[in-house]
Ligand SMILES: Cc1ncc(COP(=O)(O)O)c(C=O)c1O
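Just the one chain here, laid out as structure tokens, in the form predicted alone.
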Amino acid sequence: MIMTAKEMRAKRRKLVADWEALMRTFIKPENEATKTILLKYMEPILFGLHSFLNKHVGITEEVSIKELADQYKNSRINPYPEKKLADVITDLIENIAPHAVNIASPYFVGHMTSAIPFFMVHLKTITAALNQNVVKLETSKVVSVVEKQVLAKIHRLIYRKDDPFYEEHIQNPDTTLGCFTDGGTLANTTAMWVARNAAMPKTAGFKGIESEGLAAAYRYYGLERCVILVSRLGHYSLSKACGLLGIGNENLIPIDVDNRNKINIKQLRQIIRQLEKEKDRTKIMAVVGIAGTTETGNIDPLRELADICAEKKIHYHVDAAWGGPTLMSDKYAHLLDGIKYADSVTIDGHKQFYMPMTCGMVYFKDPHRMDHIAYHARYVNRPGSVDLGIKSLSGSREANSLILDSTLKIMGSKGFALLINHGIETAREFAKEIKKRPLFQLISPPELNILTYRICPEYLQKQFPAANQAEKNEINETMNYINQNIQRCQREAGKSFVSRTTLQLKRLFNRDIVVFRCVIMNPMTDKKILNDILDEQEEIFNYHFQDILLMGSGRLKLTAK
């Protein structure tokens, strides 16, 4: 119903911005109606989160981004209150939620974001209500103490040090086992920041790169550049880190991967030898191993990388943002063999620790390693204090550690192991099903719980090895077009979601190929649901692209409905 100008003025008079109204809004719900609305929606969210999301969100509504954007073009802040809290909550549930994405759906298997346990909402609510700022002891007190304990627990999961080590460092104000960040990007950046400063430290004649800057450091150490080595499947956060740290993202040197999507050790050694010939000009700042590549979920040979870095005295970082929690599974922890030798390790809490956004962590083998990035201020983080913000890229920061600590107590390592095992084993069953279906081609078998595949009819798969270059190009070009559009159709239909990516597999397919990327971390995702997803993809193919014919000339013809 459209309100008249008179009605709007009358409503505006009711919603005033004066001190009395502000206090009423600030301290408690305005009235019983608001309280009723809060209870109506908060009870199912707090105690039936996934049912609530399935009812109010679905996967996503079939509305284009342009249509949505057109509804949100007002850039003015109203000087008067526009809505009561009850109306705002109703608007969020009825108008925003239906156009969000229900990542909690077991049919959402496309990204590294999934369902969270229902109790996470309770923990997040309590953390928000306490509003502790762990940058400083004065704004957190016991919360900072708890955070150091949580850091020690995850550090022990990674590095397996003995009891005396943790007794010495768990609450030691002079040492640091790691820190919480806003996500894996800042965790990786922090690790590279430490590696950069450790590579060009202060001496009797030099105040250090952090004080004098990159240009002065290069002059002092006789360098022209610093480089970081990582596989081509490394996360793009490392490129960001290179830009932020001033070494330039062109000095992030990508190493080819082998046929298992792991860093090519032979090529890595060759490149290190080449760079050693430039030792008067080039400094290898770090080598990065990956424990769970973003696109394919593969794990680099972590122990071999550790041996190389130890031999060459290079900072060794492992990006385990995705795969780190696998260490809690007695059955699959061996997949990360060698991670304990890393100088630093990244883990994301909002991935396979199933925490709400946003939580990242970075850990260091040497408790004094983060001294390279210590900062102080007169009003906060004073020298000699136990403030956690002294060695952190973040300033003000919420107490995510409380959520992780509580979750570890609720779930236990064996509880997390059940989730890890389910993801890995369900992915393996899904890979078997893909292989059974003649329309599909498995591209990267799962090592953890990520796999890639594409639609490529079996007769084309058989034809491919004997085809000439032009025919191979045409097969892949056609398959890329089909897979890209099937993924789009499935996404827009809103029943399920599988992401897509483009893999650089020229050695196998003579060009980059578009593939479906499936991430299985939702404990409610099972074989039946995955079969439904494949069935839907087959239906889309049969409806839109069944007129792909192999012509007598060997060329392909595409006729899409």
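Each residue number is its position in the shown sequence, starting from 1. Treat the numbers as computed from the prediction; the structure is a model and nothing was measured.
Heads up, the form predicted in complex with the named molecule isn't pictured, but that's what we're talking about next.
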Query - Single option in Asn476, Thr185, Thr282, Ser329 placed near the named molecule in the model of the complex, where near means a heavy atom within 4.5 Å - result: Thr185
Report summary line: Partner-free chain; cross-checking the named molecule in the model of the complex, the single residue of Gln132, Asn264, Thr294, Ser239 with a heavy atom within 4.5 Å is Thr294
**Report entry** Touches the named molecule in the model of the complex: Arg454 (any heavy atom, 4.5 Å)
**Finding:** no
Query raised in the report: Do His155 and the named molecule come within 4.5 Å of each other in the model of the complex, heavy atoms counted?
Result: no
Query - Val345: touches the named molecule in the model of the complex, heavy atom cutoff 4.5 angstroms - result: no
Query - Contact flag, His350 vs the named molecule in the model of the complex, heavy atom cut 4.5 Å - result: yes
Query - Options 303-311, 185-193, 402-410, 172-180; stretch whose heavy atom lies within 4.5 Å of the named molecule in the model of the complex - result: 185-193
Query raised in the report: Is any part of 102-117 within 4.5 angstroms of the named molecule in the model of the complex by a non-hydrogen atom, and which residues would that be?
Result: Met112
